[in-house]
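This document starts with one chain, in the form predicted alone, laid out as structure tokens.
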Amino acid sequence: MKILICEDDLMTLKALEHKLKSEGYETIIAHDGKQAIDFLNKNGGIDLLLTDLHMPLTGGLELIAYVRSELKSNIPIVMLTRVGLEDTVLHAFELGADDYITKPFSPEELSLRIKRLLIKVKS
């Protein structure tokens, strides 16, 4: 299973990458939404997208909108952010996010949420 991690904070990125690799996932890294879009346009073929909200060039909300409207993809998308404002959460869901986790979060909770989403997709 391939997971695209779109995160501009290096420490968070490395922690996510380590956790997911230790659970057997293949990870692809993007440091901003533009890199994620470039990867998706060239390669596609991911099973889940984890994205931060605020990033340089292209943010998480724009990335979600692109995946849903331009690529017409229904891959599971999890938004990771320090911003827990209700309006932002609701907007992410309206754009097509499947889950929303506020930082800091438990790596175990993230792992369970990812497994739940991937099981849902398989069935």
Partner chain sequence: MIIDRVTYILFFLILIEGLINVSAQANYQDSIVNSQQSISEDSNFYKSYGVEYEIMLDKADRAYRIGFYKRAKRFYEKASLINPTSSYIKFQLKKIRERSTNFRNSLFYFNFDQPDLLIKSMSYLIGYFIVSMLIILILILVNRERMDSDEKRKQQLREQYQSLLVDYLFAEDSITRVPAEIAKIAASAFSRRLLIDQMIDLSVNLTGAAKDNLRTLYFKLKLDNDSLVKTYSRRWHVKVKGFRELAFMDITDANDEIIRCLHSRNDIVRMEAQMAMVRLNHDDPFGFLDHLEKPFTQWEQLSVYETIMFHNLSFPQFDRWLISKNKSVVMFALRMIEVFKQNEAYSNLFYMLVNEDAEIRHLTIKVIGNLKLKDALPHLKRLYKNETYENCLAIIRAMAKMPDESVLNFLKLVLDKEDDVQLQIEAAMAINNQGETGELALQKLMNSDYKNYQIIIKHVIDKRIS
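What you see is a predicted model; the values in this text were computed from it and never measured. Positions refer to the first chain, counted from 1.
Missing here is the form predicted together with its partner chain; even so, the following discussion is about that form.
> Would residue 12 show up as a contact with its partner chain in the predicted bound form if we use heavy atoms at 4.5 Å?
Residue-level check for residue 12: yes, a contact with its partner chain.
> Just to confirm, residue 83 within 4.5 Å of its partner chain in the predicted bound form by heavy atoms?
Because a heavy atom of residue 83 falls inside 4.5 Å of its partner chain in the predicted bound form, the answer is yes.
> Applying a 4.5 Å heavy atom distance criterion, does residue 19 contact its partner chain in the predicted bound form?
Residue 19: yes, in contact with its partner chain in the predicted bound form.
> Would you check, heavy atoms only and a 4.5 Å threshold, whether residue 115 touches its partner chain in the predicted bound form?
No.
> Any residue of 49-81 with a heavy atom within 4.5 Å of its partner chain in the predicted bound form counts; write them all down in order.
Heavy-atom contacts to its partner chain in the predicted bound form: nothing from 49-81.
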